Structures are given as C-alpha cells and as structure tokens.
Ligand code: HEC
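As a starting point, one isolated chain is supplied in structure tokens, in the form predicted on its own.
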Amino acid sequence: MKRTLLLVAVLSASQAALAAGSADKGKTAFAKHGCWQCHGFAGQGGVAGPKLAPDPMPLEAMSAFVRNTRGGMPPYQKAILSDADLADIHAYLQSLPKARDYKSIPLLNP
C-alpha cells in the first residue's frame, strides 16, 4: 500500500514538473522544430500560422492539436516532438510579454 501511494506521488510530481516546462528550453525547441517559420519568432503569428503568444491555449489542448492536426500544419508525433519539448514550448509562449498598448507609443499617437 505504501509503495503504491509513493508511486502515485512520484508520478504526479513528475507530471506536474513536465507540465511546468522550461521557457529557456522552449525557446530553443521552438526554433529547432521550425515553429517560428509559420508562427513567428515570438509566436506573434505569420502568413501561414496563427498567433500563439502571449496567451497560448492550455497545454492539454495544444498537445491534442499538435499531435492530431489535419489542417495546414503537419501533426508532430512524440518521436519528433516529445511531450517535454512541447511543455517547454508552451512555457516559452507563456513567458512572452504582452504587446504594449499602442496609446503608450508616442510615434503612434501624434
């Protein structure tokens, strides 16, 4: 019984750590896996891909989409993009700051 509880606790902790991800590693993975080509270097969106940052969809939804997409984006299986890399990319997208309000930019408000 104690072993079972310990195993459950360890698995839960590792899942939480995986879900947290690393923004630094995510920035590298975002570039390595070519996400920037369609979504821009800051996840701002581009010609071929929608805006992903600074408020990405929840990790579970993002994972389901990335693994099963049938649109213009090819699906990324775990052998190509690991769950850890995906969690890191999500953390990177979450870490990106929101754009400044255009009203706070003097050149845009003569």
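All values derive from a computational prediction rather than experimental measurement. Numbers follow the displayed sequence, beginning with 1.
Not on display, but discussed next: the form predicted in complex with the ligand.
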Residue contact check: residue 54 to the ligand in the predicted bound form, 4.5 Å heavy atom: no
Contact flag, residue 27 vs the ligand in the predicted bound form, heavy atom cut 4.5 Å: no
Interface membership of residue 38, the ligand in the predicted bound form, 4.5 Å heavy atom rule: yes
The ligand contact in the predicted bound form: residue 73, any heavy atom under 4.5 Å: yes
